[in-house]
Ligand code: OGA
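Shown here is one chain on its own, the form predicted alone, set out as structure tokens.
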Amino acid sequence: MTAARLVVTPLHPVFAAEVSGVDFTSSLDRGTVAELIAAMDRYAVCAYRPGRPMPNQAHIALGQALGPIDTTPVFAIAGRKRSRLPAELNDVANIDENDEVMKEGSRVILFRRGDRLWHTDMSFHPKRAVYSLLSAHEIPPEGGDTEFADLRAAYDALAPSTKAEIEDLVAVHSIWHSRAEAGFPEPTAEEIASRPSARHRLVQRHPGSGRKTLYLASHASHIEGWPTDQGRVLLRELKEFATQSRFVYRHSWRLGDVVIWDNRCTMHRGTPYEDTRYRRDMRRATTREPAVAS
């Protein structure tokens, strides 16, 4: 019997694809994993649409097939409890430990609204996120789409003078910077201590595709060695350039969708929905650059 092979269907002229033909809830052989990684290197965002929520253990196994998976809390949020899901899955739902929609004013709700800014998962950590695998267990009746931007295509389109200017720059990333931008209240001392800032080059070479890419996020606070205001102007201009419609794919979620994206060459953001009215149960596995560190 011939093994099922991955079918890849482009979703956007520049990047993003739907993958099918393989049951991702089953154990994947090495050939299929290699095909999926090749699709990720080409498209950076791949959507799998089985039509039903992926069981947690299958979700974890898929993440583990793609690389070392994060199991450690990377920051603290005062009042957050991690009792709903296994340690390998990041709970990005608006549902509390009592299975109820969180109320307005919840510190977790206020924190999650920061995800509506363009960002790259875990750029605020020295060991960057590689793949994020987000699984939709419940979706609201309206809103809550996710937009993705291809930072390789954006880099390619920059003027040569801009490429030369930014080639050797380093940005400082902080989760608390992006949350302040989104209106999160002043972080507690415990929260600040739980995740200090990290440094990353603004221009990187994506290891899978070999293409140069911007490495941007709302977490990027400033450019190292530049006046803060001047650096923030540059970062804002680059984010605005990189999120033009020609570089952006918008994913409208269906129940059961699993979307995988490469954080090393994309940004993404959630679009608004009524987060104190409608349930949205999203669960994320995250692979990390070796070796995984807390």
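The first residue of the shown sequence is 1; numbering continues from there. Values in this document were obtained by computation on a predicted structure and should not be read as measured data.
Just so you know, the form predicted together with this ligand exists too; it's not on screen, but the next bit is about it.
- A residue is said to contact a partner when one of its heavy atoms sits within 4.5 Å of a partner heavy atom; D150 fails this definition for this ligand in the predicted complex, lying far away.
- Within this chain, H119 lines the site of this ligand in the predicted complex, having a heavy atom no more than 4.5 Å away.
- A residue is said to contact a partner when one of its heavy atoms sits within 4.5 Å of a partner heavy atom; D145 meets this definition for this ligand in the predicted complex.
- Contact annotation for Y249: none of its heavy atoms lies within 4.5 Å of this ligand in the predicted complex.
- Remark: all three candidate residues (D115, L134 and R284) come within 4.5 Å of this ligand in the predicted complex, counting heavy atoms only.
- With this ligand omitted here, the record of contacts in the predicted complex names 265-273 of 225-233, 63-71, 265-273, 241-249, defined by a heavy atom within 4.5 Å.
- A heavy atom within 4.5 Å of this ligand in the predicted complex is found for one listed residue only; from V92, L158, I139, M102, this is V92.
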